[in-house]
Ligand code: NAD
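Below, in structure tokens: the form predicted alone, a single chain.
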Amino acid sequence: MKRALVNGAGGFIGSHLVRRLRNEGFWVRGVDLKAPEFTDSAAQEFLTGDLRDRAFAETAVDGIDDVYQLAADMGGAGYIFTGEHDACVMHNSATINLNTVEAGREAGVKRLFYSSSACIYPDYNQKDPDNPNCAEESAYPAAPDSEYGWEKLFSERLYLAYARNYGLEVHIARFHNIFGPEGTWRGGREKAPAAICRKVAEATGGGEIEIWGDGLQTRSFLYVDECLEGIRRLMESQFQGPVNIGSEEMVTINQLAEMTMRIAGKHLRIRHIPGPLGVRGRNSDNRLIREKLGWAPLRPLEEGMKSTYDWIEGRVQAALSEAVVAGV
């Protein structure tokens, strides 16, 4: 039985990936600062600790064949683009990656997957919301729109350097806005699909929801199950990457809100307010993943949003019931 390590196994994508690997017959060790918030981990072994600690990183990779490195200091636009967390984001994530790749090399890890981000793409190629350029080769000259993106780009180069110098088998994917059930949905680190689902679920009929900016900024969003499929196909391939794992179904944030209202059966007004936005337009370019893996995500966005809304609406109703019981 192959032994896999998932760093960030207490997080959204990591907890789903643990289940996927278990279902494929892997023995899985999960590692994170905390266990998953919404469900028990499917890992045979779950270690709670800080990968910024070199000794703990060494313990995490001990006896492991494959490492899936998803651990990072991250969040949605309200966390990444305010500038208030830049030093922590860069220091924490870079330290995790430095520890993971060196400890993995010393332990004889056979393969390593690194989750990069579409945030590495240059701001200058994402000014036009209707025609963003996120082809993999467009990453240079580098000009990410956030320190989060700069750290991800540095870590891509870190893993590729280890592959060249030490023969480590590395696979790198650039995620584009992964969403789905069991993800952060409140508290400031949630991403746009979860935030909009929460706002719509909390709103009463005839009310309104707030959207940052004019809502004409564009994005594509990928349902978590398709992200996992892309990860596994990349890991079992001969292709190193970096490669985009994302959807090509681009929508404005206003359209995403309108889709969510349609799913919920609610008619709400949108009120646009100032807030952190990131780039003006972003969409996954899937030409390379089709060429190298013979596959690309195809699930319609609305299907994934329906599953996500149903889950978040359940959480909202549970929170309201708890508040009533507590007399709040």
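Note that the structure is predicted; figures quoted are calculated from it, not measured. Start at 1 with the first residue shown and count on from there.
What comes next is about the form predicted in complex with nicotinamide-adenine-dinucleotide (NAD), which is not displayed.
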>> Within 4.5 Å, heavy atoms only, one stretch in 161-169, 200-208, 247-255, 111-119 touches nicotinamide-adenine-dinucleotide (NAD) in the predicted bound form. Which?
In response: 111-119
> Is G304 one of the residues lying within 4.5 Å of nicotinamide-adenine-dinucleotide (NAD) in the predicted bound form, judged by heavy atom distances?
Replying inline: no
> Is there a non-hydrogen atom of G49 within 4.5 angstroms of a non-hydrogen atom of nicotinamide-adenine-dinucleotide (NAD) in the predicted bound form?
Replying inline: yes
>> If we define contact as a non-hydrogen atom of the residue within 4.5 angstroms of the partner, is A72 a contact of nicotinamide-adenine-dinucleotide (NAD) in the predicted bound form?
In response: yes
> At the 4.5 Å heavy atom threshold, is K191 in contact with nicotinamide-adenine-dinucleotide (NAD) in the predicted bound form?
Replying inline: yes
>> Since the partner isn't included here, can you check whether nicotinamide-adenine-dinucleotide (NAD) sits close to all of G10, L33 and F175 in the predicted bound form (heavy atom within 4.5 Å for each)?
In response: yes
> If we check nicotinamide-adenine-dinucleotide (NAD) in the predicted bound form, which of the residues in 137-173 reach within 4.5 angstroms of it by a non-hydrogen atom?
Replying inline: Y148, K152
